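The chain below stands alone, shown as C-alpha cells; this is the form predicted alone.
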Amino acid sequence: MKILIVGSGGREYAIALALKRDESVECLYFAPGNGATDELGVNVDIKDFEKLALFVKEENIELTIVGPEAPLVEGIVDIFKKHGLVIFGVSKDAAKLEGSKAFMKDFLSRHNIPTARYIQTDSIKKADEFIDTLTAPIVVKADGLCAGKGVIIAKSKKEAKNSARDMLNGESFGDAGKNIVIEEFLDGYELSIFAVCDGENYKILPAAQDHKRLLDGDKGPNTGGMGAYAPTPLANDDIYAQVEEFVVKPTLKGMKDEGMPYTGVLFVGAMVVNKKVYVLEYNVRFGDPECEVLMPLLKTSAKDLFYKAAIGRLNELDLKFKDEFAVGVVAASKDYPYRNSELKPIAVEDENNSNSHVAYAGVSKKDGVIYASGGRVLVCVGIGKSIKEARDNAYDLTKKVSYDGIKFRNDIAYQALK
C-alpha cells in the first residue's frame, strides 16, 4: 500500500516510523515533510489541496493520513473525499471542535459533557463582568488556532482583564483572538486521551501526559509541548470509563446528530479534579509530542488502524499495545518559543538503538546534512518496561544528540515518578 502523510513535524515522522513496521506498506509520501522524512519516503512540495488530490490519484496512493490541525480546518478531507479518495481525518465542519474554542465549549454545553464554567464573547464589558464572578487563577483563551499557544492562565482578575483586552483588540493573537473564551481554572492534573473514530465506532488509546511549560518544574511560558510519556498510571480504569461514557460517546453522537460525523482522532485534553474528568479542550488530531510516544507502543498495524478508521470499519480491528512505556523528550532550538533560531547542523551518535530513537521535527537538509531549523527540533524517545527505564533511555539519547543552542527539560514524566 502507498500512503501519503500530510504534515512536517515530529508527529508525522512518528506515524511514518510506525507505518514502516508493516511490510505491506510499499511506499510513503510526505506533503511537505521535513529534512529527515526523505529518508523514510518521498517529500512532495504541493501545497494546493486540489493539486495534491490529483497527485494522489496519479500515484495510486491508497490512503492519506492528515497530521496537523491546519489542513483539517481548511477542508483537505472534504476535497479528497470529493475526488473519491480514502483519507484519515475530520471534515472541515467537524474540525471546528479545534478551530474554534467557542464552538467547542458551546458543543460541550449542548451535550452535557463535563467542562469548566465559561463564557465566550467578543465584548470587553461582558468579559470583565464574568471575570469578576471568578476566583483567580483565571483562564483566557483566544478562539482561533494559535499553534497551542493561545491560552493565558492569569494569576489575578486584573491580569485576566488585561489579557482579554489584548486579545479582543487583536494585539495578542490577531484575528484568532477577536473572540475569546474565559473560564474558571480547574485545579487537578491534566491527561491527553485519544480516541480514533470512524463516525460510529471508536478505539481509545492509552492515556499520555504532556509537559507544556518550557522549563523544569512546569515553569516558564506555554509551548507546543516539551515532552510526554505514555501510558500514565494517573489514568485508572474509572477515568477511562468516565472518558468513554461521558465524553467520547456523547461527542460522537452529538457530532453525528448535528450533521458532522466524526472520522479521525478525537484528542481529549482532560483535567481530573477530585477523581472526576472534565474536558479542558478538544483537538482534532494527535497531540505532538504525545503521538511520538504512542506510535512506538502500537502492537497492532498502524496501517490497519488508520485505514479501517478511514473506511468506517474500525469495529473489525482488535487494537493492541505493547506492555511497555515510552517517554519523549523534546529538544528545542535556542530561542524557542520566542523566535526562530539560525540553522545549526545536528550530530547524532549511535542513533540506531532498540530502546530509543529520534523523531525529527523542525529540521531541514542541505548537502546531505540535517540542520536544526528552529522551534521544536526533534524528540528523543525512550522505550522501557517501566516509566523510569523509558525515561532513562530517552535521556541517554539526549546525550548523543548535539547542535548549537539545544535545550530540553530534565524532568519529563516527573509526575509519574515522584
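Owing to the predicted nature of the structure, the values given are computational and were not obtained by experimental measurement. Numbers follow the displayed sequence, beginning with 1.
Only in words, not in the display: the form predicted in complex with a small molecule, which the text now covers.
With the partner omitted from this view, the residue of 102, 239, 348, 280 that lies near the small molecule in the model of the complex is 280 [heavy atom within 4.5 Å].
Only one of 92, 212, 157, 344 lies close to the small molecule in the model of the complex, with a heavy atom inside 4.5 Å, and it is 212. The closest heavy atom approach of residue 183 to the small molecule in the model of the complex falls within 4.5 Å.
Interface membership of residue 153, defined by any non-hydrogen atom within 4.5 Å of the small molecule in the model of the complex, is confirmed. Although the partner is absent here, residue 116 is a contact residue: one of its heavy atoms lies within 4.5 angstroms of the small molecule in the model of the complex.
At a distance threshold of 4.5 angstroms between non-hydrogen atoms, residue 190 is in contact with the small molecule in the model of the complex. Contact with the small molecule, judged by heavy atoms within 4.5 Å in the model of the complex, is confined among 135-143, 310-318, 247-255, 163-171 to 135-143.
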